[in-house]
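Given as structure tokens, the chain that follows is alone and in the form predicted on its own.
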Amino acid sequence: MQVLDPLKRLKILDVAAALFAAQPFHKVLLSDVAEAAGVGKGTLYVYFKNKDDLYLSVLYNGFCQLIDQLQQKVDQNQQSPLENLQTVVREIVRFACQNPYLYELMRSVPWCQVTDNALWNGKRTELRALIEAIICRGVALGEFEDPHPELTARFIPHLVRSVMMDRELSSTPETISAHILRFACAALVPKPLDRM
């Protein structure tokens, strides 16, 4: 049995990320990835089942970086809950717009076939926990009203997903972010009459 080299896997992922970013998914050939990474095409199959698996692995690494960056920004900044929520929504939308093929894969690749589905679920849980914590802090400070922050924390990423699944979307990331925030704030921010 061949011993897997984590550095070689990371190099393949970095090269693949650059190729997927430079051209559409269908134009990226595994032979191009192998050549750019300085490995044989057969080596790719030691680390990844197929092109979809490679792409999902690239996206998972990007998603992990997104979650880590969000946690740092929210932890390091002494911003209001609303400002933190704005940061989270903008960054999720930015990631979604930079990785539109992820949403196409969600349609076509059964998630039971994804090698590391438990890892994806763990990261999704981290994202929901981060959003829930922001909302709970907003409720504690009186900036938000939400009897079920755990549900709202699920809604926000799914708002992004539902927009990105629309193949005829022509809105900019800024417009998408602003509208999702407007929608969320209409539900979260107490109305003046509610405060009486």
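Note that residue numbering begins at 1 and tracks the sequence as displayed. Quantities reported herein were computed from a predicted structural model and do not represent experimental measurements.
There is another form of this protein, the form predicted in complex with the DNA, and it is not shown here; the text below is about that form.
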{"item": "Contact at 4, 8 and 42 by the DNA in the predicted complex, all three, heavy atom at most 4.5 Å", "value": "yes"}
{"item": "Listed residue (36, 30, 64, 151) with a non-hydrogen atom within 4.5 angstroms of the DNA in the predicted complex", "value": "30"}
{"item": "Stretch from 155-163, 65-73, 46-54, 133-141 whose residues place a heavy atom within 4.5 Å of the DNA in the predicted complex", "value": "46-54"}
{"item": "Closer or farther in the predicted complex: C-alpha pair residue 158, residue 23 (3 angstroms or more)", "value": "closer"}
{"item": "Closer or farther: C-alpha pair residue 20/residue 157 in the predicted complex, relative to this form, given a change of 3 Å or more", "value": "closer"}
